[in-house]
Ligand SMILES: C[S@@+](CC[C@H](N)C(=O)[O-])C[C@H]1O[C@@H](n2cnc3c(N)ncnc32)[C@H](O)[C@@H]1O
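What follows is one chain in structure tokens, specifically the form predicted alone.
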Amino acid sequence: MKESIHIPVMMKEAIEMLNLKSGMTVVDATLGGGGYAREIYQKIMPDGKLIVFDRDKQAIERFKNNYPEIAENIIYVHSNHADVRKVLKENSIDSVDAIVADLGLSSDQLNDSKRGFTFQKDSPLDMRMDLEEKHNAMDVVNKAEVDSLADIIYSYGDERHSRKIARAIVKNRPIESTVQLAEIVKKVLPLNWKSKINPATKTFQAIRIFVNKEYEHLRIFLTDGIELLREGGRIAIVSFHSGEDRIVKNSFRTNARGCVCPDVIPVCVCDHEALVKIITKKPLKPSEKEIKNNPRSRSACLRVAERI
């Protein structure tokens, strides 16, 4: 199996913000190419414990093959990070010192012509992060009703022309390849040369997020992850578009609030306690140097919170 070509985004900043020390227990919720995992391993071993998650079995196997010298000391989980509470319980782990997640799509997946994540290569419409899942992008594109398809493209892609695109997709069924879908979208939205992104980008993003239930799983992961942190433990999340970042920001804000009683109630009756303090009042962004070396990092946002 080939070595990973994925470049971890904002790794230096995220690792520094986690305040890692030898002996800590850490969750890397998105193994990907393994850049974060290797750096974390160096900081918490020999007495630490590292648990890595990835929905893509190929990513786990690639890491094991490429880094055998450390691979045997890591707990691997071929599962969604939304299962973090269940997985830690199964491994007799009650709490952890740090959690990190890079929510971006792996370059290994983007460049795999069989996965169908991008219209840069003509491939079957798949978009599953976990190839063992039943439903893929082709099912959504060819079976969803116009209204449902429009809602998906609007809600998950922030695409204001979602209804026009949905009608065009239904009209041109069956659709089986990435290039075929991209061309349909481009006919609805002619290429704007002032724009830096392809007109099909938001539609592809929306379908991928829906197929993999990314928003639903992210909300569960954030809720459970924060509760599983030890006092002083930190959670660092790198997101790549407004929808993801909004979920992370709102989760951190909600968990940083104390009383949530309405203002008309003079005495607190909710017994709601703040669980975290927000370390990054505004999200950190990649440096100009990183963006130059890795253009895919340009939209990244890093947010960090600490359990109190």
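Keep in mind that this is a model prediction, so the values were computed, not measured. One rule holds for the numbers: they count along the sequence shown, beginning at 1.
Same protein, other form: the form predicted in complex with the ligand, not shown, and the subject of what follows.
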Counting only non-hydrogen atoms, the one stretch of 143-151, 102-110, 89-97, 171-179 within 4.5 angstroms of the ligand in the predicted complex is 102-110
Any non-hydrogen atom of Ser79 within 4.5 angstroms of the ligand in the predicted complex: yes
Heavy atom of Ala29 within 4.5 Å of the ligand in the predicted complex: yes
Test of understanding: in the predicted complex, would Met129 fall inside 4.5 Å of the ligand by heavy atoms? yes
Using 4.5 Å between non-hydrogen atoms, is His241 touching the ligand in the predicted complex? no
The one residue among Arg163, Lys121, His217, Arg230 placing a heavy atom within 4.5 Å of the ligand in the predicted complex is His217
Residues within 4.5 Å of the ligand in the predicted complex, restricted to 266-292 and counted by heavy atom: none
